[in-house]
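Consider the single chain below, provided in structure tokens and representing the form predicted alone.
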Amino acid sequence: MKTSSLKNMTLTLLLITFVAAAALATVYVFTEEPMEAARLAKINRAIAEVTPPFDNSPSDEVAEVVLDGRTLRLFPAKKNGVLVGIAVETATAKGFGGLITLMAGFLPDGTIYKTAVISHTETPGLGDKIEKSKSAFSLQFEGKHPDSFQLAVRKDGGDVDAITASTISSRAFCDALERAYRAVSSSSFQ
């Protein structure tokens, strides 16, 4: 039986740390690709949800636009080589619960086609009503052009009916959507 010494304890601790790090690195290597594939599939589903039908692979033609220090990704949806829509992955940190990430779809003329919430941490039963499955809030944007439809809640002088008791979440949704429109307007797709 070995006696406990600083040297033995240090070597044992280093061995345990090395084994744990090696195990963690191995798990990361095996899960990195499937996790990226799942993330890409989620993005592709969101693109298909917010744009008219297309036959290209928008995620292969992604363009990036930097606005207000944040990078937005634009995905061109094409049918027979003709642009039918642009999906924009946009986000805002102005939500009540923090970051809200949306996929916003626009027609080539800048009209909002549809929107989809990718992720958020808004309050269940209140702010989570930004999701289509929870309320019709996001439907009021469909078919509207931001040049004539003010992307701000009525309280702030805009045209958007806010979610009752969730004005902050409603404002955040409008902020992300307005940022997406500015990205589309400044892109080479216009």
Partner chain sequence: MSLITKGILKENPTFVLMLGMCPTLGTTVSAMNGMGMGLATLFVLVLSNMAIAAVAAQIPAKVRIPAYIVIIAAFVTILQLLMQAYTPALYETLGLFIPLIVVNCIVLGRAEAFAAKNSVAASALDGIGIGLGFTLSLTVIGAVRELLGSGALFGYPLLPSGGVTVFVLAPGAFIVLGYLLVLFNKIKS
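Residue numbers count along the first chain shown, from 1. Since this is a predicted model, take the numbers as computed values, not measurements.
Below, we turn to the form predicted in complex with its partner chain, even though it does not appear here.
Peer 1: Going by heavy atoms within 4.5 Å, which of 27 to 35, 136 to 144, 46 to 54, 154 to 162 lines up against its partner chain in the model of the complex?
Peer 2: Comparing against its partner chain in the model of the complex, the contact stretch is 27 to 35.
Peer 1: Using the partner position in the model of the complex, report whether K42 sits within 4.5 Å of its partner chain, counting heavy atoms only.
Peer 2: Yes, contact at 4.5 Å.
Peer 1: Can you check whether T12 is within 4.5 Å of its partner chain in the model of the complex, heavy atom basis?
Peer 2: So T12 counts as contacting its partner chain.
Peer 1: Does any part of S188 reach within 4.5 Å of its partner chain in the model of the complex? Heavy atoms only, please.
Peer 2: Heavy-atom contact with its partner chain at 4.5 Å: absent for S188.
Peer 1: Heavy atom to heavy atom, is Q150 within 4.5 Å of its partner chain in the model of the complex?
Peer 2: Looking in the model of the complex, residue contacts with its partner chain do not include Q150, since no heavy atom lies within 4.5 Å.
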